[in-house]
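As structure tokens, one chain now follows by itself in the form predicted on its own.
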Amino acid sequence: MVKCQRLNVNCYIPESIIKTVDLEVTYNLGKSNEYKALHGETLDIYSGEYIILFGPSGCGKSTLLYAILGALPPSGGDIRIKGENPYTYTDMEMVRFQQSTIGIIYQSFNLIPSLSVLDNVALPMIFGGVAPAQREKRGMQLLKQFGVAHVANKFGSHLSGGQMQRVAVARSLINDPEILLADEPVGNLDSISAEQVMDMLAEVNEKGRKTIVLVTHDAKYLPYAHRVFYVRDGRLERDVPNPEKAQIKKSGGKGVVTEIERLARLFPYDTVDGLRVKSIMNYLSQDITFEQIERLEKLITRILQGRVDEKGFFDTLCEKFSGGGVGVSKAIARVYTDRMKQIIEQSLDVKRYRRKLELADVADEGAEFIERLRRNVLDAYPGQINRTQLERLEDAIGARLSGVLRKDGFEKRMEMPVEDGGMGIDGYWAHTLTRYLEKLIAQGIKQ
């Protein structure tokens, strides 16, 4: 609660319960099959919101969900759940976090076949050391709430798909978590059962005041959400509020800010000298299609590069989509052009941005050689590494090539703790990777 100065009354201003800043998740980091599943995404989710992550299969929405769960460490950026980074927790702290703060429902029901329905629901409380009578009472309350109390003593194999998913929802809520994650929870259900489960989740959100983050690729479920995050190719393309629901998300800010500052607060993507191409694209593109957004992004890049002037920008916006333009009306094109002009005039970084683009075209052969060596070395390593370890490895390879490190010094650097400037891997692999690097150097890997 805070004091609203103008009205001199207490007002509730929600705090974000889930927050990510420039969140990246990269699989097989540093290896030849490296794949970036999330590209530096920033979002805020507020307590009591129902959020849907929407997009096609493989777009990164489940990756984001499991990063929030605490099961998929980020490769870069920051994540906060209730103001804390769960990836700094000890093993026991993480267990408590996943028991009491956050619950999850999967597409598959994951009921243990040898346990009764009631025991499946109460199972998380067993791990928490709760007495049998108390956990059975809590379990039965939830089974009654979701209309499956009559099957409490049956085994999961005797239930319909809709009943099993209701049991799974009850189990996810047994420890009364504040956040409920759902990964395609109705993907295996018929349409009637799916609607029943979705209505049940809506009730959990509205009456139980739980924050829900649900993943789906089915557009018919979008009306359940307060806001929909459209995910595509590992990026949050836009955040769309549901006009049929009262919004929980804070709006507005204090004082007058420039367009650039507003963009920085709303869409903090990766930057080049502070000028945010995707931020500008998102700011301008709230009412157009994905296909038009892609055209607009390319057009914004061209005007920032100096390859198109203000008139060319306006004309391309107006030109029909089938003819290569963005295909918006002249009125909208004028609004976009005026905003774009204002942004460019306010930014002192355009020249530096363009210079960076020019410099990026000049190949850094030494850096590329180190990167190829690093990739080959990591392909021989079966484990996963984080961004800091990747940087430590590249530094060590560069030092070895320049003669700053000898072979034994490189091996020590591999084994040295990360906080002391090393890579922090065990002695066996430090020795193995050192030998492999020496072999690559001796064979003269092509530069």
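Note that residue numbering begins at 1 and tracks the sequence as displayed. This structure is a prediction, so every number in the text was calculated from the model and none was measured.
A second form of this protein, the form predicted together with ligand ADP, is not displayed here; the remarks below concern that form.
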*asked:* Does any part of G58 reach within 4.5 Å of ligand ADP in the model of the complex? Heavy atoms only, please.
replied: yes
*Look up in the model of the complex whether N28 has a non-hydrogen atom within 4.5 angstroms of ligand ADP, and give yes or no.*
yes
_Check M416 for me: does it contact ligand ADP in the model of the complex (non-hydrogen atoms, 4.5 angstroms)?_
no
*Applying a 4.5 Å heavy atom distance criterion, does A37 contact ligand ADP in the model of the complex?*
yes
_Please identify, from 379-387, 393-401, 50-58, 416-424, the stretch that has a heavy atom within 4.5 Å of ligand ADP in the model of the complex._
50-58
*Could you run down 61-99 and flag each residue that has a heavy atom within 4.5 Å of ligand ADP in the model of the complex?*
K61, S62, T63
